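First comes one chain, alone, set out as C-alpha cells in the form predicted on its own.
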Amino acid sequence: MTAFDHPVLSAWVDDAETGMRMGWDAELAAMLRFEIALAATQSEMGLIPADAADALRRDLDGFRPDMDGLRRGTARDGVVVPALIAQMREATGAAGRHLHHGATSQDVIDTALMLCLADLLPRFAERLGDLEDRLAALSDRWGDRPLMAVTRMRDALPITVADRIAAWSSGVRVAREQVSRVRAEDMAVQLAGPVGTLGRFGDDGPPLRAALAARLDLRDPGGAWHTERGRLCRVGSALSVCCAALGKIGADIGSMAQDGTDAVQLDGGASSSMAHKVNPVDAELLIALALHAAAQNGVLGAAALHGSERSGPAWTLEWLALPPLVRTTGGALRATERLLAAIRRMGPRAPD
C-alpha cells in the first residue's frame, strides 16, 4: 500500500481527480477506445470488413472484463493485453477475429497511456494557471509588506512579499508552459506491430497510423517509439519541474512560518500534544512530494534504455515509476491549493 492508496493518508497526500483520470477505469476505457478506433480506421481503409467494425463497436459498448481472469492472465503473461483481448473476442463473437488486427500489446498500452495523459495534462495546466491567479491575488493584498531575503540560509537584504511571490509565480508559469508543451508535442499514437515495422500492412501501414492518430486526437510519430522513450522522459521532466516549483512554495512558506520569523500566518496543522502550535503541514508535504517526484523521474530516465525491438524490464520499470510521478504531481497541486487558501497573513504582523 502506498500513501496515495492509504485509507487515511490519501486524504492528505492524494488528489482524487488525478487518481480518477489515471486509474484502472480510465486505462481500460482508453484501451477499448484504441481497439474500437483501430477497427474503425481499418474498415475505412478496407483492411477489415466494415460490418466487423460496426459489430465490435456495438458489442464492446459497456464491456466489463472479468477482473480475476485479467489478474491471472497478467501474472502469466506479464502484460494485461492478451487476457483482455481474449475476453473481448469472446464477447464479440465472429467479429472478434478482426479485433486487434496487426497490433501488439505495446501498441495498446502505450496508446492508452497517451490517451490518459492527454486528458490529464490540460487539467494540470489549468490548475497551474489557477495557482498563478491565486498568487497574483496574494501579491495584490500583501505584496508591499517587507521581508528579509535569505541567501544560503542567512539573512541577506530587504525585499517585499511581492518579490518572493514573483519567484513562486515564475516557477509555476514555467511548469504550466512545460506541461502544455508536452501535451501539444509528445502525446502520440503507438501503432507499430509486433516488431515495430507495421509489416503486416505493407504500404498501408503509415497511412493507417496517421489516420488512427487523427481519430484519437494524438500525434502521428512517423514511426515506432517502442524503444525510443524520449517522450516519456519529457513527460517525467515536466511533472518533476511542476513538483519542484510547488515544492519551492512549500519550502519558502515553511521557513516563513518558523518561530522568530513570523512572516506568514496559516490556518490548520494542529498538534496532538501542544495546543499552541499550528504546523505548516501542507508546506512540509510539498517539500516531500518534490523530492519524491525527483526520485521517480530519475527512475523513469533509467527506464528509457530499451534494448532491441522491445524491452520487458525497461517497460516494466516505467510502470513502476510513471504512475507514482503522476499521482505525486496531482497531490502537489492539491496541497498547494490548500496551502494558499490557508494563508491569513503574509509579511510581519502589524504593530499593535
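Each residue number is its position in the shown sequence, starting from 1. Not measured: the values here are computed from a predicted model.
FYI, the form predicted in complex with a further copy of the same chain isn't displayed, but the following is about it.
- Taken together, the three residues 70, 167 and 244 all lie with some non-hydrogen atom within 4.5 angstroms of a further copy of the same chain in the predicted complex.
- Here is the short version: of 94, 184, 75, 137, the single residue with a heavy atom within 4.5 Å of a further copy of the same chain in the predicted complex is 75.
- When a further copy of the same chain is considered in the predicted complex, only one residue from 132, 119, 204, 163 comes within 4.5 Å through any heavy atom, namely 163.
- Exactly one of the stretches 210-218, 137-145, 120-128, 97-105 approaches a further copy of the same chain in the predicted complex with heavy atoms within 4.5 Å, and it is 97-105.
- a further copy of the same chain in the predicted complex is approached by residue 301, whose closest heavy atom lies within 4.5 angstroms of it.
- Mapping the unseen interface onto this chain, residue 90 falls outside it, with no heavy atom inside 4.5 Å of a further copy of the same chain in the predicted complex.
- a further copy of the same chain is not shown here, but in the predicted complex it comes within 4.5 Å of a heavy atom of residue 291.
- Mapping the unseen interface onto this chain, residue 190 falls outside it, with no heavy atom inside 4.5 Å of a further copy of the same chain in the predicted complex.
- Contacts of stretch 152-188 with a further copy of the same chain in the predicted complex, defined by any heavy atom lying within 4.5 Å, are made by 152, 153, 154, 155, 156, 157, 159, 163, 164, 167, 170, 171, 174, 178, 181, 185, listed in sequence order.
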